[in-house]
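First, one chain by itself: the form predicted alone, in C-alpha cells.
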C-alpha cells in the first residue's frame, strides 16, 4: 500500500477504500455427461487500497485479473463475500443513490447515449432523471461542450458518431452531475492518436483544476503512466504493486534498449541480453542499474563493424508484459 493510503485515517479525506476485500464466483462445469463440478473463481483475494480525494490512480493487470470486478464493487453493482468497500465513508451497495450522486462510472465498451436520438437528448434525459438543478446543468453543459469539443455533434444522432466522438460524449455525460470520484474502465479503448491525446489532456485537466479523483484502467500502459501519479497492478485477484512509476522501475530494474546497426550476425555484449534483429538492427536489453555507461560503451567499442548505435529506455508496455509473464510462470 502506498504511503498516502497507509497513513489515511480521516474518512473525509478518503474518496474510495477497499479493506481486505474478497469476491469469488462459483462456476459449474461438466466433468461427465451426468455430473457437474463447482469451481470457485476468486476475482479478488484480500485486496486493500485507499484513494485519497484528488488522486489520479491507474489500475492495471492482465485480462481476468479483477479490474472490472473492482469497479462493479465500487459502484455498488456487486457486494464482496468478505471485507469492506467504502466510497466517501459509505457502503456503495447500501447507499447507492447517495454514492452515485457523487460518483461517475464509464465503461469503455458501453454507452449511456440514446442510440436513435441526438446527443443533446441524452443530456436532457439525465438532467431530468438525476434531478440535476438548472444552474448546475447549464454550467456543466457549457464547460463540457467547450472542453470536449461537443458543439459539432450536439445535434447528431448517437448512431452516426465515430468511436472517438462517442467516447467524448459518454465522458461528458458521466461528468454532467459534477461527480467528485470518476471510475473509467478503458476510456481510450479504440481511439485514434488525436482522440486519445484529447482524452488524456482532459482527464489530467479536471484532476488538476477541479480536484476530481480518478481511477482509470487501460491495457495501454504508456497512457496510464502518462496520466496517473499512482499505479496499482493486480494479478489473479491480488494487489501485486502499489506505487509510482519510478518505484516500479526500481522494483523491476531500470531496463534500457540498445540497437546496433552493423553487417553480420549479432555479437555478444557483456552485461546485455540479445533480444532479436529488427529492421536490420540487432536489439539488446540491459539493466542501467547494473551496467554503467562507461562499461557499456567500452563493450560496444570492442565490436568491429558497428555503423550506428541507438540507446533508449525500454517501453513501459514491454516492462509490464515481462512482469505479467513472470506472474504467469
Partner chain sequence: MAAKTRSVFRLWRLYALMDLRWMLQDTASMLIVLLSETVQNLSAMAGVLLLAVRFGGVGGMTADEVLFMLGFYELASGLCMMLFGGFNIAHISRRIGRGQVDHMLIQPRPLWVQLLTEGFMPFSGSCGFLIGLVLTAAAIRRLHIALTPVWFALLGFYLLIHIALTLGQSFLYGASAFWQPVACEEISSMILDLNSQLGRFPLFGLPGWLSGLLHTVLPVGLLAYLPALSLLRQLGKPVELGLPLGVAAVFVTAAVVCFQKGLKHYEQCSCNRYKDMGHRC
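Model, not experiment: these values are computed from the prediction. Numbering follows the first chain given and starts at 1.
Form predicted together with its partner chain: not shown, discussed below.
Among the candidate residues 79, 205, 250, 197, which is the single one with a non-hydrogen atom no more than 4.5 Å from its partner chain in the model of the complex? For this set of options, the contacting one is 79.
Please identify the residue among 148, 258, 141, 100 with any heavy atom within 4.5 Å of its partner chain in the model of the complex. Contact check passes for 100.
Considering its partner chain in the model of the complex, find the one stretch among 106-114, 207-215, 240-248, 189-197 with heavy atoms no farther than 4.5 Å from it. Answer to the contact question: 106-114.
Could you tell me if residue 155 has a non-hydrogen atom within 4.5 Å of its partner chain in the model of the complex? Answer no; every heavy atom of residue 155 is more than 4.5 Å from its partner chain in the model of the complex.
Should residue 96 be counted as a contact of its partner chain in the model of the complex, where contact means heavy atoms within 4.5 Å? Heavy-atom contact with its partner chain at 4.5 Å: present for residue 96.
State yes or no: in the model of the complex, is some non-hydrogen atom of residue 135 no more than 4.5 angstroms from a non-hydrogen atom of its partner chain? No, residue 135 sits far enough from its partner chain in the model of the complex that none of its heavy atoms falls within 4.5 Å.
Contact flag, residue 124 vs its partner chain in the model of the complex, heavy atom cut 4.5 Å: It does: once its partner chain is placed as it appears in the model of the complex, residue 124 has a heavy atom within 4.5 Å of it.
Where, within 131-165, is there a heavy atom within 4.5 Å of its partner chain in the model of the complex? Residue list please. Result: 131, 157, 159.
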